[in-house]
Structures are given as C-alpha cells and as structure tokens.
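Listed next as structure tokens is one chain, alone, in the form predicted alone.
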Amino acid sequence: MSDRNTDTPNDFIRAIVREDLTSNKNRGRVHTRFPPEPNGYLHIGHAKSINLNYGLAREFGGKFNLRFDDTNPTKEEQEYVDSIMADVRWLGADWEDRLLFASDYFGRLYEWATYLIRDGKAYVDDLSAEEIRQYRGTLTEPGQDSPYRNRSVEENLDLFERMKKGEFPDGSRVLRAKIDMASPNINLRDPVMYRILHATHHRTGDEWCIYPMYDWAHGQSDAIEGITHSICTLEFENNRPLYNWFLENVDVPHYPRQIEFARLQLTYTVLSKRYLQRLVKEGYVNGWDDPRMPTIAGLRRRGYTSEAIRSFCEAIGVAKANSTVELAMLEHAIRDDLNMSAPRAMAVLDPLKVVIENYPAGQVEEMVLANHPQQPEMGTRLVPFSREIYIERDDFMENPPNKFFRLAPGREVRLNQAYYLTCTGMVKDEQGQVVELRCTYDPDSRGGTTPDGRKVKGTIHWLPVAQSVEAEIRLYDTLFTKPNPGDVGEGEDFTANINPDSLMVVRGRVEPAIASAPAGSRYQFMRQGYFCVDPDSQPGRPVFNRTVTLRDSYKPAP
C-alpha cells in the first residue's frame, strides 16, 4: 500500500475514515466501491460519487471496486454495462481486477434467504403487488399483517424452492422478510426480498427465474466484498436500518458501515434517471450522448475533460444537507482547464466576405500564429492570408454606436496577427443587406504593428476565403429555460421547460490546420468560446460542438 496522504480535504466522511483508521477499525483497511445499476448511462451526479469513493481509496491507501448491482433483468442491458465501464475509466478511477456483479452472489443470496426462512424471519407471500402496498399502511398508520405471514417454515421452504424452479407465474408470489408491520420506518414493514421474473439476465441467462430485490442484494454484496465504508446519497438514509437488519440476521463475513452524503443537484439540469430516459426515448435529445445531456457520455462529447469534472467535484465538496449547485460552477471548471490546455484557432461562425482591393491578386502569405499565448511549448501554426478573407458579420456595423471599436466605414482595425485593415466600401443585395466589404490594408503593418506606432482599439479574427474549410458548428445552450426544471406544478410536466433554442447549427468556416482534426480535439476559437471536434466529423466535413462560451459568470471564493 502507498503512504497515506495527510493533506486531504476535510469533509465529514474523511473525518469518519480517519477516526476508523486511528481506532484500527477494519484492521486499518479502507475499501470503497461504486455500485451502479446497469439500467442507464452515468451522469454528472454519479461522477461526484465515483470521485469520492475512488478518492477515499486512493488517499488512504485502500481499494476500490466497481460492482454492478444487476438484480433486474427487465431493465438492464450489456450496453449500459459497457458504457458505465468506459465512463468510470475515463473519469480516472481504477478498479484494477475488482470488476464485480451482484449476480456473482445470486447463489449465496439464495442460501442466506433460505436461512432466514428456517429462522422464521422470512416467508412466501401470495398477495399481489397492489395488495402488498395496501397492507403496508402509510406514514401515519401502521401496516397490517399479510394473511400468509404465519405460514410454517416447511411450507415457506417448499414454496420458495418451487419459486426457484419456475413453477409459478410472474407476480404470483414473493419472498418477504418478517420484520415489523407497525414500524415507523416503512422500509421495515416486511420488505420484499425476491420476486418471480421469467426473464433472461444479461450475465446469468435463464439460470434464475427469481431475482433478489435491490435492498436485499445491495448491503449483502458490500458485506461479501469486505467494503468498509458504503458511501451513498441521502435518499438511502431510511434504507440503512433495513440493510443493517439483513446484515445482523445472517452470518455475513463482514459488516460495512453506511455513510450518506448529499447528492448533486445542478441548476438548469435534471438528473433523475426516469427523466433522462424520457428525454432520450421521446426524442427531446439525440441519444444518451447528446451534448445537451448531463451524462458523462454527453459531457465528454461536448468537450468536457475528466480533469475538469474531477476539479468540479472537488470544488463542490461533500456535505450532509442537500443543496443546488450553479451550472456556472461546472462551466467555470471546464473553462479553467481548457484555458491552459486548449490550443487556439480561428473560426468564423457567420462569414462576411472582405475584398482587400490593394492586396496583390493571386498572392498568398502564410501568417505564423501561436497555438497558445501562454504556452510557447505548444508551438505555432501557419494560416494563409490572401486578397479575399472572411470576418464575422457582427464585427462590422454600417452605423456603429459609441464604443463600437470594430470595423465600420472609414474605420481601421487590426486583423489578428496579420495587418491593419480599413473599410472603404460595401456591397449590398436587393434587400439592402451588406454582403461584401471593400477594404484596403497597410502593407507595413504585418504582424499587427506599424512603423509610425499608431494604435487601433479593435482586433478581429479572420480566415482566407480560398483555404478555409466549411464546418458544421453546433452551438449548445442549456437544455432547460428554468434553473429548477423539475420543479413543476400540478398537471405540469418538466418537458414544458425545455429550451427550444438549446441547439443551433450554423455553417461556419475554420482554419485548414484543424479541418481534419480527430474527434475529441479541443480548441479555443478566438473570441467565440471553446469547441470540440464531434464524432460526426469526416475528412473535409468537420463538425464542432461548442463546449462553453468564453464568458465566465462564476466567481470562485477567494
């Protein structure tokens, strides 16, 4: 094991771990896990849990497991297993040789269930799912005993064995723990442990037709794996007494400690798995990896880095009380990362043609531009310059207001790392819209300086007409118009808050040097924002996703 790092964050979970280590609890071990259900894609909230669990193991010289709680074959698919593994690995967590599944323990869970039956602490119930709900009672009223609660041990063992053999149809019987139908904690009112499902499991095939419920399998799996600290979110706090009851009433090899923390809530975002599935299935987005989705796959496709996500998770910290984090804080993390790591490039999103009338026809120069102004080791690139160039349409105004320092009739600006340019005329179409500018340049101002030392206030970017490449540029905004899109009134639906302008596609132009960049390449487009090459890109037909704009509204604490 590595030396323990004493310079770690000072949250309440780490304080518990340090206390356990000091008292030599668990013989000085720290063993955590990330236990997803393979019924969907991971999102930014899961990243917080992964970062915490793996971080604890790394900081305290412990171990980290990736375990799939795959107890529901009707909703689970190998596609989700594969995507989750890819996401966890991309986020930087290393489970080494500890890739595990709750289905690995189906045999042992069945044996423990029969032990509870023999001990008089579990029984087979013939009530329907609806009847079980009715008998369970409410938060203010106790439940009622099932009429099948007092079956003999022998009858329960026989029925449970026949359930396992597939003699009964789906939904006809369940196995329930016999705890307390009057408990103030509804989770302890004889919870279901097994249900009949004649369904093919993605790993065990048709070996089983009864499957353990999540609450029965989850804590027991932690015990089997020797997990010392079962870190989960606050919604599982009321499940803890049930997990403990299961652990206390069978002979488990280890007793894990469950600790709850506040789950991530993010403005302008939904993280409910049910809501995310609806967005995909009902076509509001283009799949689980749509860059508007808060999934890890979507964030990666949009251009987020694993370093930025980890930095965000560390910045928001770990708390006991739920709160909502501003989306601007996540965007700040990716800007902060890409500002130092992303090479610079020029792109024109709304091209306006400029003809430089005193520039020699047919001449092409190569301007040397730095790939990063603060990172000289990132080198330089060549950008062709010629008589005809493109600029951004909004970098020109025919009748500019005060403090507009870009191009206008008779006004001079600096072309980035090229020449000084003066507008001398315009060409308009039949509707009166400017479609072309006529300009002159100062041949003595190459590189953006002049012998007479005169200064201009405006610097704009540009691209050569002939050598630049047309690109599809996807401009993403928040998927929802409200900070709390899931908070809707009676009769309303969260989809009513979807932003109709969350995606805008424009046909722009990019430098030839980046036109064939591989998918995932990230750039800062001068004055435009940070962009990433999309997997849809093809040679000569690049597609870029806007990761985030340049403007940062989040102010970190000093």
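Predicted model, so just to flag it, every value in this text is computed and none were measured. From 1 onward, residues are counted along the sequence shown.
What comes next is about the form predicted in complex with the RNA, which is not displayed.
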| query | finding |
| --- | --- |
| Answer option from 482, 202, 300, 344, heavy atom within 4.5 Å of the RNA in the predicted bound form | 344 |
| Interface residue in the predicted bound form among 157, 329, 232, 408, criterion: non-hydrogen atom within 4.5 angstroms of the RNA | 329 |
| Residue 459, heavy atom within 4.5 angstroms of the RNA in the predicted bound form | yes |
| Residue 478, heavy atom within 4.5 angstroms of the RNA in the predicted bound form | no |
| 4.5 Å heavy atom contact, residue 228 and the RNA in the predicted bound form | no |
| Contact test in the predicted bound form: residue 538 vs the RNA, heavy atoms, 4.5 Å | no |
| Non-hydrogen atom within 4.5 Å of the RNA in the predicted bound form for each of 403, 416 and 554 | yes |
| Among 91-99, 125-133, 470-478, 433-441, the region lying within 4.5 Å of the RNA in the predicted bound form by heavy atom distance | 125-133 |
| Contacts with the RNA in the predicted bound form - residues in 431-452 whose heavy atoms fall within 4.5 Å | 447, 448, 449 |
